[in-house]
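Starting off, we have a lone chain in the form predicted alone, written out as structure tokens.
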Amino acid sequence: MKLPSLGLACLLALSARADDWTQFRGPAGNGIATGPKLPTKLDTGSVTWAVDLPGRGLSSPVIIGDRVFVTASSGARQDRLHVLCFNLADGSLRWERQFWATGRTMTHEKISAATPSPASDGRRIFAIFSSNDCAALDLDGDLLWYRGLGRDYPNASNSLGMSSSLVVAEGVLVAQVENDSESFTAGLDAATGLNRWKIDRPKKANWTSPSLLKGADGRTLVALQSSKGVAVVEPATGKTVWSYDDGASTVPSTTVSDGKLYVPSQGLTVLEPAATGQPPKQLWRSSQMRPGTSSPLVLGDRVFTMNDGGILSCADATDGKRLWQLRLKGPFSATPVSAGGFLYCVNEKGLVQVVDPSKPDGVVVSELDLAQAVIGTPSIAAGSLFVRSDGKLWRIGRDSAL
């Protein structure tokens, strides 16, 4: 069927741009933006817009073209689930969809039902909540499918709430639903929401998120981190390609950079994948580089970790030798993100601190106080930093091309 020229133009307008932020920690899952540089001297004039959000939420914003997507949860029981779409240019609400939770919504008071971050393949937005409700919508907000994984698997929950974010690869949405009881990871068909595969996982509460990497043959693989270690699986089948079985954290997630896996394991352990079916090679391990809640970030030949108190540690990515430490104003839960060689670190009180890591021992070059509690990791797109609290979503900076 031939598309009308207007329809084709609309599709092109909705196509993912190179600097879109499609999931937790960005399209590569490494927290690094490749598009226009962000402002580094932040002040109140750096805020392009700020909009109110309903309910609560820790999930990172997803940015596709001229649209910003975010999830939230509201109600005394956090059982009202929201997916919202804002216009990138001015923050005006484009559409909002609401759903009733079908699974457990009780969480620790610090988090909420809208803790896991959504993901996009550039054509659809996929949202999951702590209740294990999973929804797929097109970019105009039309519902494509809805799965109540908490209804299908009623024992899949934990007392503090779920937080694992989604990744999508090869037409499969990977949902890590790991807990003390009915623990599993599922590969859902992105078009229908039905199970392509479902594998049993270690029975222990786990708040880490999947990471994408390239295999030796160039195909996309998914790294699943748990208390047991890391299992690398095929997104199409869930088949394990290789595994690392020396334990890992259940809070900060693995970061992939230059084909290597930086795993929060016994401090920080760096793995180089081997041939299919063979164990990975351990390149180095450093107890001094142990991350807190934040996940590691690798920038060029440097690796950075943040502890909960706000100590930013920098090490040589080739051997793990710690080079310097910088005390920031903490505490921290959010993972730092990077653009233009600078680090953007947002503490739990909503203070944005911009760090120049190229200076000896690192230097804070500016600060911006948003004056609201921020627990979730920010996102970067269109020359801007997007930060959300329970109550607000901010765009800081502006793409000069817009």
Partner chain sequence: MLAHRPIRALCLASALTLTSASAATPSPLAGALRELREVAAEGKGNVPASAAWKRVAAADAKAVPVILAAMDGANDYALNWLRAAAETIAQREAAAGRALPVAELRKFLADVKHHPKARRFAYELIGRAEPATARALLPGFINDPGNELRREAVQERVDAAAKDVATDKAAAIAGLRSALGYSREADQVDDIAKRLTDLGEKVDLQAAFGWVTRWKLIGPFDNTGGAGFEKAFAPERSIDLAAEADGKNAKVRWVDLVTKSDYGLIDFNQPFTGLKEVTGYAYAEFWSDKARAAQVRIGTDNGWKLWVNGKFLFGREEYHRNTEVDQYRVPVELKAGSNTFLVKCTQNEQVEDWTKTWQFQLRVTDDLGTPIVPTK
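Bear in mind that the values here come from a model prediction, so they are computed numbers and not experimental data. Residue numbers count along the first chain shown, from 1.
We do not show the form predicted together with the partner chain, though everything after this point is about it.
Engineer: Which one, H108, R290, K228, R322, lies within 4.5 Å of the partner chain in the predicted bound form by heavy atoms?
Structural biologist: After the contact test, the surviving option is H108.
Engineer: Here the chain is shown alone; which of D301, D142, E272, D245 has a heavy atom within 4.5 Å of the partner chain in the predicted bound form?
Structural biologist: Of the candidates D301, D142, E272, D245, D142 is the one lying within 4.5 Å of the partner chain in the predicted bound form.
Engineer: Verify the flagged residues G187, K214 and T220 against the partner chain in the predicted bound form: is each one within 4.5 Å by a non-hydrogen atom?
Structural biologist: Not a single residue of the candidate spot has a heavy atom within 4.5 Å of the partner chain in the predicted bound form.
Engineer: The partner chain isn't shown here, but in the predicted bound form, which of 71-79, 277-285, 167-175, 112-120 has heavy atoms within 4.5 Å of it?
Structural biologist: Going through the listed ranges, the match is 71-79.
Engineer: Heavy atoms within 4.5 Å of the partner chain in the predicted bound form: does R124 have any?
Structural biologist: Although the partner chain is absent here, R124 would stay clear of it in the predicted bound form, with no heavy atoms inside 4.5 Å.
Engineer: Contact between S257 and the partner chain in the predicted bound form at 4.5 Å, heavy atoms?
Structural biologist: Flag for S257 set to no.
Engineer: Is there a heavy atom of D308 lying 4.5 Å or less from a heavy atom of the partner chain in the predicted bound form?
Structural biologist: It does not: once the partner chain is placed as it appears in the predicted bound form, D308 has no heavy atom within 4.5 Å of it.
Engineer: Just checking whether S313 would be counted as a contact of the partner chain in the predicted bound form - the rule being heavy atoms within 4.5 angstroms.
Structural biologist: Close contact is absent here: in the predicted bound form, S313 is far from the partner chain, nothing within 4.5 Å, heavy atoms only.
Engineer: Can you tell me which residues in 85-105 come within 4.5 angstroms of the partner chain in the predicted bound form, by heavy atoms?
Structural biologist: Sequence-ordered list: W95, E96, R97, Q98, F99, W100, A101, T102, G103, R104.
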